[in-house]
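As structure tokens, one chain now follows by itself in the form predicted alone.
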């Protein structure tokens, strides 16, 4: 019997993972905005992700159907930690982002998406409450808080420069 571990990620959602048969740890992070992030890591270090893929709600449903469905989906809805109207997410800043190498203020994140940047993760270190002069770099992870829709707009803004 596979032992599924559940970990609450306040403001983000839930993490579900288990030890696979071949020395790997397999899991899914269910974000409050509906995205699912599947990941594989080494059993010895479950926080060091070896592979990951992000799925939107529709893609996650297709994969679940292909895998035969699950009782986990019923538990996800019951155990999600809800703060009415608030979502938080960690958004990767990819090499091709129009904001890589530019000041955070250039993004006009709050004005354009309604979200606030509460931290930036760089090389495993947190930079809490970065100011508008903080220069973003490819590989950073931008931590945003706002509505679920605002968080989705922030993700699009960071990746393409457009919030819609």
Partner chain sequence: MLGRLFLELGTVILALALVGRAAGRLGITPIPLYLMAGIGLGTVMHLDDTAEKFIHTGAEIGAILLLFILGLEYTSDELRTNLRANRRIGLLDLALNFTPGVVAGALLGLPPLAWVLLGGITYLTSSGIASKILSDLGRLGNRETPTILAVCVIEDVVMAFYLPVVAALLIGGSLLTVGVNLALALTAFGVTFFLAMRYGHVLSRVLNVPSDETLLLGVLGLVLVVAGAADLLKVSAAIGAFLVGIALSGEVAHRARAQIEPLRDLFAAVFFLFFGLQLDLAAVPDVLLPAALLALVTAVTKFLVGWHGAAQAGVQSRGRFRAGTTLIPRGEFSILIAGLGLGLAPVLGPLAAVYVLLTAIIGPVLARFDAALAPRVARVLGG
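Only the largest set of C-alpha atoms that superpose within 1.5 Å between the two forms is called the rigid core. Being a predicted model, the structure only gives us computed values, none of them experimental. Residue numbers count along the first chain shown, from 1.
Beyond the structure shown, there is the form predicted in complex with its partner chain, which is absent from this document and is the topic of what follows.
Only one segment in the set 109-117, 93-101, 123-131, 39-47 has any non-hydrogen atom within 4.5 angstroms of its partner chain in the predicted bound form, and it is 39-47. The closest heavy atom approach of residue 160 to its partner chain in the predicted bound form falls outside 4.5 Å. At the 4.5 Å threshold, heavy atoms of residue 25 reach its partner chain in the predicted bound form. In the predicted bound form, its partner chain sits within 4.5 Å of a heavy atom of residue 9. When contacts are judged by a 4.5 Å heavy atom cut-off, residue 29 counts as touching its partner chain in the predicted bound form. Within 4.5 Å of its partner chain in the predicted bound form, a heavy atom is found for every one of 15, 33 and 52. With the core held fixed between the shown form and the other one, residue 20 has its Cα displaced by at least 2 Å. Remark: with the core as the superposition reference, the CA shift of residue 133 between the shown form and the other one stays below 2 Å.
Once you line up the core between the shown form and the other one, the Cα of residue 148 stays within less than 2 Å of where it was. Annotation: residue 155/residue 57 CA-CA distance longer in the predicted bound form than in the displayed model, change of at least 3 Å. Between residue 121 and residue 31, the Cα distance is greater in the predicted bound form than in this structure, by no less than 3 angstroms.
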